[in-house]
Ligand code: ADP
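Shown here is one chain on its own, the form predicted on its own, set out as structure tokens.
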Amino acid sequence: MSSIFALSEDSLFWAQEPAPTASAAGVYARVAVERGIETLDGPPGFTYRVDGPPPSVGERVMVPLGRGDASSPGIVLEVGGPELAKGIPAGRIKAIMESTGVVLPGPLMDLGRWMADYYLSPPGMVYASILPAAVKRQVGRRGVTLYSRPANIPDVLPPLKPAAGRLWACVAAMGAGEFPLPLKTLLERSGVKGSKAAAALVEHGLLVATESSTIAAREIDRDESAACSTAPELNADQVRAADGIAATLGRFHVHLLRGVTGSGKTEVYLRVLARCLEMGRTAIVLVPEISLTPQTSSRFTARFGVTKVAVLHSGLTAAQRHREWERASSGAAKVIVGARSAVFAPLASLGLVVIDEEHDSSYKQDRLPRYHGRDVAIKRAHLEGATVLLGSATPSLESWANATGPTARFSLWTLPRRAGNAAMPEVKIIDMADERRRRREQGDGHLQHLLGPTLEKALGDTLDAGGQALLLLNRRGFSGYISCQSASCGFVLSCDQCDANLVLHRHHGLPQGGLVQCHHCEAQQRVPRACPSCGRPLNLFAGGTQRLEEELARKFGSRGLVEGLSFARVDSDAMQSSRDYFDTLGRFAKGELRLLLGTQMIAKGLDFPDVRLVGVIDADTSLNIPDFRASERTFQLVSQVAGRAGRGSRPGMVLVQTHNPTNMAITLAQRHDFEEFARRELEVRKRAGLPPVGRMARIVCRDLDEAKASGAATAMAAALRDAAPPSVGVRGPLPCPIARVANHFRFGVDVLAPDARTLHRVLASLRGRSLLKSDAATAVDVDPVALM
């Protein structure tokens, strides 16, 4: 079940007392400093004296911390009288140093309090994550002089020089609603050069100059390839869903929209959002990947206008992020489109929250506070009386369980067919054992091929016919497994600081053509020329996107497939900025690029009508992960990338290469049968007591000393077993699948409970006794989505 239902309703709201007047004697404030420290034996935060004007609840202030009175930022939690200082010696209460001028609105303060409680995180760290760094630092803010026309204009104008006269004629002809304006705009409109004319008008009282500030930032890159201002006609299923969801606007309710890929879910979002705006409410639209933001935001700006839509994601510059946040806070923007952190946009009158591709694991933050963007969005909507719309072709089993069965909490809407009656693509499973036999029969079985003969031929046919193709390989780099050719040696190139293999990344101009890198601690080193143990040559296995890129250029270069000109790689190595994403997707949409190869970035949400072939290079990468969600992730990934094919007038083909051709996740993805997959997988989870049937928390103890890490995890497991009722299971401690990262040994303890309330009660009991806290040595992950 979603974590929205974890706590009782009484615990969700945090009463805020009105700030006392400046004349009140003995004013104090409780402040949550932005550090990983907590006060577990009383109210959250630390008490400070207010010597000046009382701050507002939610205001970011600077306070002295520690013996050295180091200046530290924090958020004001409460403002009151001497009762806040009760029991504290007066000499120990320090004064607030200054205000930063930034204030979090009340709903975000309530949301932060819930997050701190539910995810067992220090409140100051939670509020620090809610407020973007660019806003804290006021990046891009500049002083500016704005000019307005006075309310009273003299009947007789003073004598003006020609330039000032031309400027006044322009000012007089403008409407009152067009002011205030910066000097540059006034001069451009009037054709006057220089500032002396404006100064003369100010001197004569014909212009009023006021000092203000603005946020200087370049315009945001937008992908216009998907923009369409005309609303298409909806089919009956879309109309039913849009009307049913819109009927709940104005109150809290959660809807799950499950539509097959290409069924027009985004158009349903747009229709419901239009009705939300008509009611005078605002909306947040979350997408899981930065690569989806340009297409999604362009569709919304085309429909509602650039001035009403703001964009928030990590690909923006700091100044852009600050400006978009300011637009949301001021009310200029009515719709926010962005990735996970956009859930914290400071919108007032929130009426709708849309979470697109709600199943995606990137909504879960993997560092403190370890919140899930989907569940936080549901909680925020609950606090503000807004409607929630979750959308996916392959919903998470948590959301599916909440929307089906006799205890369903969500409303379920389905779009079983593609918009425009386009056919679902044909999906074929390619057994790689058969492909290797074919290679041997062709005489090149000794070579390493990422493309099997079947996919290689289909790709050539597609390119020859003028179509476009997508190739998915969810593994970066050139080679993920580097070993000695000698079986007797057994050397494998691994990280010195982690229990993980090093990955070869090719870079032109570097020694040996590249570097080996650890994807966990980011350590790098030069590629060995030979096996360090025996001196024999090294083998390169487990090819990644770079190796696929090289193979494509070698096999299809004669057909005009040239890297950078007619095909491109889309992964976090190749895409260094948001502009890289937008340019690449834009070129593909225009047909300049005929092929995209990449990781899961290209597996979901993208809509290109001329994609006729999708190839999954290795469907088993997710299956081989030691995680109970491995089957679910595999089904979602294969289904999602398959849905990129055949969205136009031509039918699509999907070829899935696998070493497990009979695996349930792969065979059911071939049939586009989500409901059968969910039924079978939920039966497995029920027998094991795993989410979403039960609830789970994972605690990982870390230390440079293996014995200390093991001892801490052993003590944690013992404390949990003592505090837990019989219905709660405690597993471990056990070494994590990657037992050492950055020289820190890691031991995990899993807590399984029948429901969220029981789980939280057990964890809270340890937290209240200071036996459990999130810090550098202990990672507490409530509702984990990965167990690595």
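Computed from a prediction, not measured in an experiment: that's the story for all the values here. One rule holds for the numbers: they count along the sequence shown, beginning at 1.
Unshown form predicted together with adenosine-5'-diphosphate (ADP); subsequent notes refer to it.
In plain terms, the part of the chain that comes close to adenosine-5'-diphosphate (ADP) in the predicted bound form, with a heavy atom within 4.5 Å, is 416 to 424 out of 76 to 84, 100 to 108, 416 to 424, 345 to 353.
Note on the partner interface in the predicted bound form: the residue among Gly262, Gly124, Pro395, Pro288 having a heavy atom within 4.5 angstroms of adenosine-5'-diphosphate (ADP) is Gly262. Just one of Asp375, Asp571, Glu384, Glu267 comes within 4.5 Å of adenosine-5'-diphosphate (ADP) in the predicted bound form, counting any heavy atom, and that one is Glu267. The shortest heavy atom separation between Leu690 and adenosine-5'-diphosphate (ADP) in the predicted bound form exceeds 4.5 Å. Within 4.5 Å of any heavy atom of adenosine-5'-diphosphate (ADP) in the predicted bound form lies no heavy atom of Ala542. For Leu234, a non-hydrogen atom is located within 4.5 Å of adenosine-5'-diphosphate (ADP) in the predicted bound form, even though that partner is not displayed. Remark: Arg299 counts among the residues lining adenosine-5'-diphosphate (ADP) in the predicted bound form, judged by a heavy atom distance of 4.5 Å or less.
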